[in-house]
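Presented below, as C-alpha cells, is a lone chain in the form predicted on its own.
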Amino acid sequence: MAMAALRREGRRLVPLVSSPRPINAIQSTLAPAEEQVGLGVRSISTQIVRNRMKSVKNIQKITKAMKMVAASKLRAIQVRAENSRGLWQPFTALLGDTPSVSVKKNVIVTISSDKGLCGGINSTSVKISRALHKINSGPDAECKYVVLGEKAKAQLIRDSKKHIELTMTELQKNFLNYTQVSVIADDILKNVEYDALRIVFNKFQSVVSFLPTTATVLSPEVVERESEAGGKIGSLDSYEIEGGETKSEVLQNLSEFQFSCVMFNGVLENACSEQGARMSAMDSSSRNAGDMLDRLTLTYNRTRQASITTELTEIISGASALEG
C-alpha cells in the first residue's frame, strides 16, 4: 500500500516537475531586486520596499549614535587641545618656525587617524605630506616619512613605501597624555636621523572646519648654524645660560622638548579635528538617510495603493462577468 501511495504521489508530481516553464520567467525570478524595480512602480514588490526601508532605518540609527559618540569625545578633547597650544608657542617665539629652511635630511611626520568615516582630514594630511616630500627631495637632499595613524599609512605605503622610515598606529586606543606622546617622540628621535622635522596635522577651528598645519622643528646643529648666520631664528647669545651646561647641550634639550610639545599639540589637534569631521559626516549621513526613507515611503504607499486598485478592479470585473 505504501508503494502504491508513492506511485500515486509520483504521478501527481510528474506534471508539476515536467511542466514546461519559460526561460524568461525563471530569469525574472532570479533577477536582482534593483532590476525588477526598474520595470516600473507597479512591478515593485512591497516586501522589497519594506526591507529597504528597514535597512535605511537601521543605518540612520547607527549614524545618529556615531554622531552622539563623536560629539561627546569632541567636548572631552577640545579643552585639552586648546590648553596644549600654550606649550609650543614659547618655542616659536624663541627658536622661530622656519618651514623654508634648506637642509639635507628632512623627516616628514604625518599625523592621521586610525579610523575612517571622518571626511577628508586624512587625505588632506597625505596630500600636504606628499607635496612637502616633493619640495624637499633632490640630488643633495633626502626626505623620509614617519607616519602616525593607520589611514595615512595605508595611503602612503602605496607609492612611497621605500621612503617610510617608521610607522605607529593605535595612538588613540588609550587616553592620550603628554607622557605617552613624549615616549613616541623619543622613539622617533632615536630611530631617525634628521636636520629638520616637519610635523603635518590638522588644526581644529570648529566642528565644520579644520586648518592643515605644518610645524618645523630643527636639529640643534641647524639651530646653532642659523643663529650664527643671523637668520630668522635670531641671536641666541643674548640669553644667559645657567647651570654650567654648554650651548649645544641647551639647544639639544630645547629641540627635544620642542618636538615633544609640538607632537602633543598636533596629536590632540588632529584628534579634535577627527571627531568634529566625523560628527559632521554622520550628521550628513543621517539627513541623507531621512531623505531616502521619505522617498521609499512614498514609493511604498504608491505601490500598495496600485495593488489595492488592481485587486478592486479585478473583483468588480469578475462580479460584472458573473452577473452578465
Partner chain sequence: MFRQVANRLLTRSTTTYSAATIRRPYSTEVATDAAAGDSDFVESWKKVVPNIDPPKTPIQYMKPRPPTPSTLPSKLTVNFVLPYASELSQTEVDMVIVPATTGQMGILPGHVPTIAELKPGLLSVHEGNDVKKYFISSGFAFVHSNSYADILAVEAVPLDQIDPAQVQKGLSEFTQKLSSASTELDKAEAQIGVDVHSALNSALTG
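Predicted model only: the values in this text are computed from it and were never measured. Numbering follows the first chain given and starts at 1.
Below: the form predicted in complex with its partner chain, not depicted.
For its partner chain in the predicted complex, the listed stretch (149-157, 165-173, 189-197, 245-253) containing residues with heavy atoms inside 4.5 Å is 245-253.
Mapping the unseen interface onto this chain, D114 falls outside it, with no heavy atom inside 4.5 Å of its partner chain in the predicted complex. Taking the partner from the other structure, its partner chain in the predicted complex has a heavy atom within 4.5 Å of a heavy atom of F264.
By the criterion of a heavy atom within 4.5 Å, K161 is excluded from the residues contacting its partner chain in the predicted complex. Contact annotation: P90 falls within 4.5 Å of its partner chain in the predicted complex, judged by heavy atom distances. Contact annotation: of the candidates I77, L218, C143, A215, the single residue with a non-hydrogen atom within 4.5 angstroms of its partner chain in the predicted complex is A215. Heavy atoms closer than or equal to 4.5 Å to its partner chain in the predicted complex belong, across 124-151, to the residues K127, I128, A131, L132, K134, I135, ordered by sequence position.
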